[in-house]
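In the block that follows, a single chain appears as structure tokens, in the form predicted alone.
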């Protein structure tokens, strides 16, 4: 366990020592802040004159769903661009600089290396999420009201979605020694999963059901509206561990090449 934590700390610290980690963090917080401010201002605008927007009254519209539900629904788009940047250096950069082979000479198993790197990236993602909790305090401070349960489920769902995407990105990073190629590959995979939701919406019958079940966004939507489903939890856990398994298998291929 100590070896895994050591690798995780090394991976986590690397994001603060490079422009990638700092710039990604700043852009994520800036864009998510814009999303939140726009939603709050729209809520205030509509509540002041609901008739202008075709509403007889505004009492039936939940602040939790209008602001935070919409916030988390839109926030998933940022992961399409953020995850490829965060994961592209995980293995690809080390392979390009030939430091990965040095890491393999240490008394570390492939499992410890993969888990340590994955954990370090997750830590950095969680650090980026922490300021998002401040939006709840800001919304309450300006007089807003929200339900804690659905809002925290939205945060949980975003965490699960991020975990799943990060696992896919780390796997893609093991397939090349070029970080840019890794980023483009990860972006392509995530866009493919994103398209599944669109395909499910225009497809009927069994194929529509299959694409819906395969779509991360369809499972994420339940969290964003405050619904906790065992099926969604199982989906994200399977997604995460499946790509973690693929990452381990990818790393082990070096033994095949030398045998």
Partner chain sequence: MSASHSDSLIRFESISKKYGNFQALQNVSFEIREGEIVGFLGPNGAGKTTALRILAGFFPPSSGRVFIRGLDLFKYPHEAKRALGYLPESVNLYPDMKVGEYLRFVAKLKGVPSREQKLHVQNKMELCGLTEVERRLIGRLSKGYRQRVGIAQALISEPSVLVLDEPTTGLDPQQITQIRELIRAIGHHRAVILSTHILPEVSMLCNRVLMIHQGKILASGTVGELEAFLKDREVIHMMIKERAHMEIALRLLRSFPGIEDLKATETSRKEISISFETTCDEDLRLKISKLLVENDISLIEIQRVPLTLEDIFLGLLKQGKFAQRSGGHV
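Predicted model, so just to flag it, every value in this text is computed and none were measured. Positions refer to the first chain, counted from 1.
The discussion below concerns the form predicted in complex with the partner chain, not included here.
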field: Proximity to the partner chain in the predicted bound form, single hit among 103, 136, 156, 122 (heavy atom within 4.5 Å)
entry: 103
message: When the partner chain is placed as it is in the predicted bound form, are 70, 78 and 151 each within 4.5 Å of it, taking any non-hydrogen atom of the residue?
response: no
- request: From the candidate stretches 91-99, 78-86, 158-166, 184-192, select the single one in contact with the partner chain in the predicted bound form, where contact means a heavy atom within 4.5 Å.
  value: 91-99
- prompt: With the partner left out of view, is residue 108 within 4.5 angstroms of the partner chain in the predicted bound form by any non-hydrogen atom?
  reply: yes
query: Taking heavy atoms only, is residue 250 within 4.5 angstroms of the partner chain in the predicted bound form?
result: no
field: Close approach of residue 24 to the partner chain in the predicted bound form, 4.5 Å, heavy atom
entry: no
message: Heavy atom within 4.5 Å of the partner chain in the predicted bound form: which residues of 1-34 meet that condition, in order?
response: 3, 6, 7, 9, 10, 14, 17
